[in-house]
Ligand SMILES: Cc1ncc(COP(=O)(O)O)c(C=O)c1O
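Given next, in C-alpha cells, is a single chain: the form predicted alone.
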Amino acid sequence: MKIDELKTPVYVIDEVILRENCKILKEVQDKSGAKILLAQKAFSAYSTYTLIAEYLSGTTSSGLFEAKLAFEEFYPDGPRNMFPEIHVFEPAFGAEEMKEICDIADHLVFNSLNQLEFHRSVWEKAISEKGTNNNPEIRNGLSVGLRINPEFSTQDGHEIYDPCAPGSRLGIRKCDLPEELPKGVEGLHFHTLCEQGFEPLKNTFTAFEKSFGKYLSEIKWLNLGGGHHITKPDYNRDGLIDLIKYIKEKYCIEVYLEPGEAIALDAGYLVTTVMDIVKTDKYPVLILDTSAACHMPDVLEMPYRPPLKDSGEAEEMQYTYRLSSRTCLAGDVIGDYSFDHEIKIGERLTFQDMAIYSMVKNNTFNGMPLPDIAILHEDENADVLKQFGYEDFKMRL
C-alpha cells in the first residue's frame, strides 16, 4: 500500500531515514572505536531490529522486558556467542528478576551501592557460571558497572529530564563512593543529556573526569549514556570522535554510547484524519482521530510542538487552526498550526519525527484505539506491521 491508503491513525516508520541514521552512527563507531547501542526506551519497534543490527553493536534496556525483547529480536538467528551486546540499567531491580536478567545481559549497571550489594550473590554466581565479559570476541559473559551522577547539569528548563538536578535519584554522587570501587565493578556509566549536541557532552565529561578520574584506572569500560543528537546535520561528530579517541587512548578502556533518538530521529510519521471542525472564539479546532495524551505524550509532558508536514506557525499562513483530539481531556491539544488552504473534514495530516517516544509511551486513555504501526520501504510501498483493537484495550484492564 501507499501511505495514503493506510487506515488512520497510523505510525509509519521510514526505512530509508532509519537506515541513513544507522549509517551515520556506524561511521562514528568505525572512526572512533566506540560501540554504539540502541536505547530501546526511545524506539522499540522490533520489526526493524534486524536492519539496525547491521550497523550497531547492540542494545541497552531499561529492565527485564526490554532485555528480553533485545535477546529475542535484535539478532534472533545468530549463535549466542555472536549476539550483539545487551546492556541493562534500571534504578532498582526486583529480586525475582535478577537471575533472568543476569542470564540475558552482557553488561549490568546498578544505580546504587545498595542495589549492587543486595544482588551481589546472584550476579557473582552468574559471572562464575558465564565468565566475565573482558574478551571482545566473547559476548556472553557478564560485566557489572555503576551509574554515576556527575552533578553537572546541562539542561535548560526541563528538570523532568535532568538526572543531575538537585535531589536526583539517578546515579551515585562522588561523596557516596568509597576510595576504591567495590569488588567486581568493571565499568562506570553516566547519562545526563537530552536532545543535545556535542558541547554539553564534552563539558560533562570534563566535569566527570575531574571528579571521578581516579576510578578510570580501575575500570574496563565507560558508558557515556544517551541523549546525543548525533544524526542531526549540525552535530559536531568530529568533536565526538576526538573525545572518544582521547578517552580510549588515555585510559585504555572501552567506550559506549547509547542513543535512542539519534537512531530513529525523523524516521517516523503519525498520519491522522480530521474528523470534525469546531468553531471557537479564537481559532477553529480540528478534531483529529489521534491524541497528544494517548499517542504522543511528550507533547504534553515536555511540552513541545511536533512538526507537521506542509504547515507553519500560527498565523504564518492564511488559515490557522488549533489541532486537538477526540478524547474528553480539555487540555488534549497538540498545538496551533497554519496552512495555505482551508482544511476540510476528512483531510489527512502528517506529523513528523514520530518514531521516537511515541509507540513506546502511548496508552488507551478514554478507550482511544492505538494507532496501527506500518513501515515505509525504500520503494515507497508500505506494509502494516501491527494492528490494534478492542482486545488490546481490554487486556490491560
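Because the structure is a prediction, the values reported are computed rather than measured. Numbers for residues come from their place in the sequence shown, where the first is 1.
Keep in mind that the form predicted in complex with this ligand is missing from the display, and what follows is about it.
- Partner contact region in the predicted complex: 224 to 232, out of 322 to 330, 284 to 292, 307 to 315, 224 to 232, criterion any non-hydrogen atom within 4.5 Å of this ligand.
- Just one of G187, P259, G268, P150 comes within 4.5 Å of this ligand in the predicted complex, counting any heavy atom, and that one is P259.
- The listed set A45, L56, M354, A39 contains one residue whose heavy atoms approach this ligand in the predicted complex to within 4.5 Å, identified as A39.
- The closest non-hydrogen atom of F110 lies beyond 4.5 Å of this ligand in the predicted complex.
- The closest non-hydrogen atom of F208 lies beyond 4.5 Å of this ligand in the predicted complex.
- Shown alone here, H119 lies farther than 4.5 Å from this ligand in the predicted complex, counting heavy atoms only.
- Contact between H191 and this ligand in the predicted complex is found at the 4.5 Å heavy atom cutoff.
- Residues are counted as partner-facing when one of their heavy atoms sits within 4.5 Å of this ligand in the predicted complex; in 315 to 349 not one qualifies.
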